[in-house]
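Presented below, as structure tokens, is a lone chain in the form predicted alone.
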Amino acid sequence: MTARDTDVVISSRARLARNLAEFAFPGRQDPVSAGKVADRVREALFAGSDHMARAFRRMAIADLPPLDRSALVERRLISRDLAQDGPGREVLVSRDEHLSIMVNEEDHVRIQAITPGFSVDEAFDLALRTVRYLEENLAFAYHERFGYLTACPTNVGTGLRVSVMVHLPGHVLGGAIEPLVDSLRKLRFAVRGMYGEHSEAGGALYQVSNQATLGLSEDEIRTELRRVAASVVERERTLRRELHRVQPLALEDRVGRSLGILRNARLLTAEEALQRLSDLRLGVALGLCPDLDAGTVDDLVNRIGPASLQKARNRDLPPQERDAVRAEEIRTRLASGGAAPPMTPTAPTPADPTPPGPGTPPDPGPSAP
């Protein structure tokens, strides 16, 4: 898959919510029923398939220490809600962390696919193939008039949420972010931080997603998201060019200072590192950092969260040591020209891919940033 518009769009996501017809929704189910739901979903995914058993890793949330849960949230494999204690909660993660199936969160099943760049349709196709594969062995709650039934009324219908993760420093530095957020909300789009609902925006990273599904088809939801996101992308590019035209020295100084700090700092908080990396990503897009690429910056963003740093080293780190490790990680990557060591895996070694087709498991495909 060729990632498109990566100067602004980091990744695209599609999430489908479903509930098993024979069980009460998670908000009203007892622990025994929750356990049965988890068993049913797991059995439907693996369904005697050695390929799927090797391609996915199951993680029961109750068995994970807080550090592991936080690392999964930082890597956008689970939601903050799923990371909380609850009966029967688990996640099934594909071998390359491209696809995850959350069980017993707000709904019984939430399938999410994340693909690189502006690739909403590709993410949706992967999520939909996974749902159809599960439907071969599961009956989902469905109403002829309303569509798929979900715990939250805003998801009723298709159960589809599509989103793009966008980098908007032009809007932030140009004072245009609040008008953008207001206008998108009037169009019934949600604008959140990089970890979704209840998260703050940092490093000019925002997640833009549809808010309503009832009364809309899957095609209509995706078409509107693509249209709105394309408008945001073009406006962001215009604002960046205008900032560089009007204040070239100030912008180049900002990027240069951030690059210098990242290459030399011995202590970096997560907040400062994210902001400095945001400046670097802007510099890459404007051609001010010819020795770097956006992929390197995006990978660093994925690695420097508190839980991810500690998980990679398999131990708890006090705050100052964590800041020192974060600074060292960034210095090393920038000095090596962007080459990255492998992250601590959360999925098993991949099996030989199975071609997608009727009755075959979905192949997760290439990893997203």
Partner chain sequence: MQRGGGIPMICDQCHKRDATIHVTQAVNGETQEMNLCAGCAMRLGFVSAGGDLSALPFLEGLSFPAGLFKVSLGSPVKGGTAVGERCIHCGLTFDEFRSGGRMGCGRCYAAFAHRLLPLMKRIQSGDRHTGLRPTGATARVMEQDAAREAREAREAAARESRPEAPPTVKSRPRVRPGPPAGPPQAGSADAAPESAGPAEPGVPELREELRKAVDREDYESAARLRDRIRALSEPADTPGEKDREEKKGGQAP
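Positions refer to the first chain, counted from 1. Note that the structure is a prediction, hence the values are computed from the model and not measured.
One more form of this protein exists, namely the form predicted together with the partner chain; it is left out here, but the text below deals with it.
Visitor: Pick from 207 to 215, 247 to 255, 90 to 98, 230 to 238: which stretch has non-hydrogen atoms within 4.5 Å of the partner chain in the model of the complex?
Guide: Of the options, only 207 to 215 has residues within 4.5 Å of the partner.
Visitor: May I ask you to state whether Ala176 is within 4.5 Å of the partner chain in the model of the complex, using heavy atom distances?
Guide: Residue-level check for Ala176: no, no contact with the partner chain.
Visitor: Does the 4.5 Å heavy atom contact test between Thr154 and the partner chain in the model of the complex come out positive?
Guide: Flag for Thr154 set to yes.
Visitor: Would you please decide whether Lys186 lies within 4.5 angstroms of the partner chain in the model of the complex, comparing each non-hydrogen atom pair?
Guide: Output for Lys186 is no: heavy atoms all beyond 4.5 Å of the partner chain.
Visitor: Report whether the minimum heavy atom distance between Asp299 and the partner chain in the model of the complex is within 4.5 Å.
Guide: It does not: once the partner chain is placed as it appears in the model of the complex, Asp299 has no heavy atom within 4.5 Å of it.
Visitor: Go through Val181, Ile261, Leu292, Ala141 and name the one with a heavy atom inside 4.5 Å of the partner chain in the model of the complex.
Guide: Checking each option against the partner chain in the model of the complex, the one that comes within 4.5 Å is Ala141.
Visitor: Listed by sequence position, which residues of 135 to 149 have a non-hydrogen atom within 4.5 angstroms of the partner chain in the model of the complex?
Guide: Heavy-atom contacts to the partner chain in the model of the complex: Glu135, Glu136, Asn137, Leu138, Ala139, Phe140, Ala141, Tyr142, His143, Glu144, Arg145, Phe146, Gly147, Tyr148, Leu149.
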